[in-house]
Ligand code: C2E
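Quick heads-up: it's one chain on its own, the form predicted alone, in structure tokens.
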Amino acid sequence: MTGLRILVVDDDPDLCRVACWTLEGMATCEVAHDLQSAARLLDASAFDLVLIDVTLRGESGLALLDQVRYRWPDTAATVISGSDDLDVAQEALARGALAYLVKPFRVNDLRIHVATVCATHRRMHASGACPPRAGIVAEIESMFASDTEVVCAVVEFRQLPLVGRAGTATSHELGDRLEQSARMLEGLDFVGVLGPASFVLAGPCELGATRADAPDLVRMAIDATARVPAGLGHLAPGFVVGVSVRSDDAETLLTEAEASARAALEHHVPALRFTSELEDAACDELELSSDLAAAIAGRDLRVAYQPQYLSGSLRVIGIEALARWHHATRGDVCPSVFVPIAERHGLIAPLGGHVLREACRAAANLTPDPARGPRISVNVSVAQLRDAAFTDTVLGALTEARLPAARLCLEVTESLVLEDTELLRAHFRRLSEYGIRWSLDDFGTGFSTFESLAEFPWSELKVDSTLTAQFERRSGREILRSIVAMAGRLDLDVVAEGVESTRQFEALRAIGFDAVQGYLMARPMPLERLREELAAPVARDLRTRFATAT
């Protein structure tokens, strides 16, 4: 096979040169050393294959896979890595890669690999075999006819069962069992699994009939999901269903059903049909996700910093780094809006990587001696922990900033217990060995608190503001005392979030909280203001705040 166009995406110039030399005569190669350059080249020209390194200057190459899958579906993708990690390989394949190639590879091996993957990709497109979403869209498209409408139902988990552990279902078994359940739904066929948390049902109906019967279809879908076979883990899965109906355009139909399912999740209802309001929301989210991707690529996101104070001395002990986005036309976009969008659209890894690097640089320059000063806390998404290169990404950010590992704290929510894999445990283990702290964020809001406390090497508990707000109730105070006592026995620091009044502060300090964080002491602020905060006479400044706080 000759005349191919290959894009090599790797931050190692030597590997890029070797790859281009190896493929000389069978392919024309171009090179990109980061995700942004790769995206520009893919936009500008057509490629047969993109070779993507797992780790690119602190960013995950897997993020580019999502873009290739949806923006450049005619381009095949292979992930290359120096690790033979099975979890990473499986994730790469699930996200659209056709192969996972381990470095170092021999010259002839690479040539054979490129020829094989390109030929396979062409056969897949010729036969209609496509990546999961594209295949689902193609199958729905085939259901349209001149006298029919098509109903599409997206079924989403409210909560995920634990998978991948001894005695529980694997993700493949889960998909098989969901398909068994879906086939119980009369009139709709199982089309495919969109992801680890959703699957798709669809079927043609006569014009007009579907719209009238849509409520019945929703109820039928809910009844079908209720009959999912047992044995999916020690959590019983719960579902919501999003339904839409169209007489044309399978991609739009699927997107509408997805938006309906997501709205059902957000509004805590079992099912929703697509409406004009949801259409506006879906279009708005797609626009926001595109703008967010551009903002991340252009490094236009800001990082704000909120100090944490020792409750006894009122000295700053830590600083939490928080992403902030000022949109050119919308103004400030709330993190509760853009962070979930980043997670849904495969942008959370580059977003998290950007905040991590900025936070490490800021912390290293806050004090004359980088080894001394308050620790910096950075929020980490479970999606980032699925990346085999996450440990290297963190260590790379520390090295680049020349920040000692002991000054970094990574905050993770309790949802990580649903992702309890050997890869995740390896990240915890390796980074803990370097002296990096792990904080269990939003403690007390999840269902898996005590299991995760026993299973992972935590250094700190951050008690959620919904609990610390209960300080005036006797039952609330007793719960808070129990948490502090438990943390003490486990040798964990404990931080109270959401402190907004002097009475709350005094009560939490009396209960025994080591540190406090909240608007009473300081709101998130830019780096320049943080420098002033650290240089100010802290105790006197805080007394002034306390005197004026409600």
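Start at 1 with the first residue shown and count on from there. What you see is a predicted model, and the numbers here were worked out from it, not measured in a lab.
One more form of this protein exists, namely the form predicted in complex with the ligand; it is left out here, but the text below deals with it.
Between Glu91, Glu256, Glu411, Glu156, only one gets a heavy atom within 4.5 angstroms of the ligand in the model of the complex; which residue is that?
Residue within 4.5 Å of the partner: Glu411.
State the residue from Val339, Ile317, Ala401, Leu194 whose non-hydrogen atoms include one within 4.5 Å of the ligand in the model of the complex.
Of the candidates Val339, Ile317, Ala401, Leu194, Val339 is the one lying within 4.5 Å of the ligand in the model of the complex.
Given that the partner is absent here, does His345 sit within 4.5 Å of the ligand in the model of the complex, heavy atoms only?
No, His345 sits far enough from the ligand in the model of the complex that none of its heavy atoms falls within 4.5 Å.
In the model of the complex, does Gln384 come within 4.5 Å of the ligand, counting heavy atoms only?
Because a heavy atom of Gln384 falls inside 4.5 Å of the ligand in the model of the complex, the answer is yes.
Please check if Leu322 has a heavy atom lying within 4.5 Å of any heavy atom of the ligand in the model of the complex.
Within the cut-off, so yes.
Can you tell me if Leu351 lies within 4.5 angstroms of the ligand in the model of the complex, counting non-hydrogen atoms only?
The answer is yes: Leu351 has a heavy atom within 4.5 Å of the ligand.
Within 4.5 Å of the ligand in the model of the complex, do we find a heavy atom from each of Asp10, Ser81 and Val114?
Heavy-atom distance to the ligand in the model of the complex: none of the three under 4.5 Å.
At 4.5 Å between heavy atoms, only one of the stretches 53-61, 484-492, 25-33, 517-525 reaches the ligand in the model of the complex; which one is it?
This holds for exactly one stretch, 517-525.
Going through 465-484 from first to last, which residues have a non-hydrogen atom within 4.5 Å of the ligand in the model of the complex?
The stretch does not touch the partner at all.
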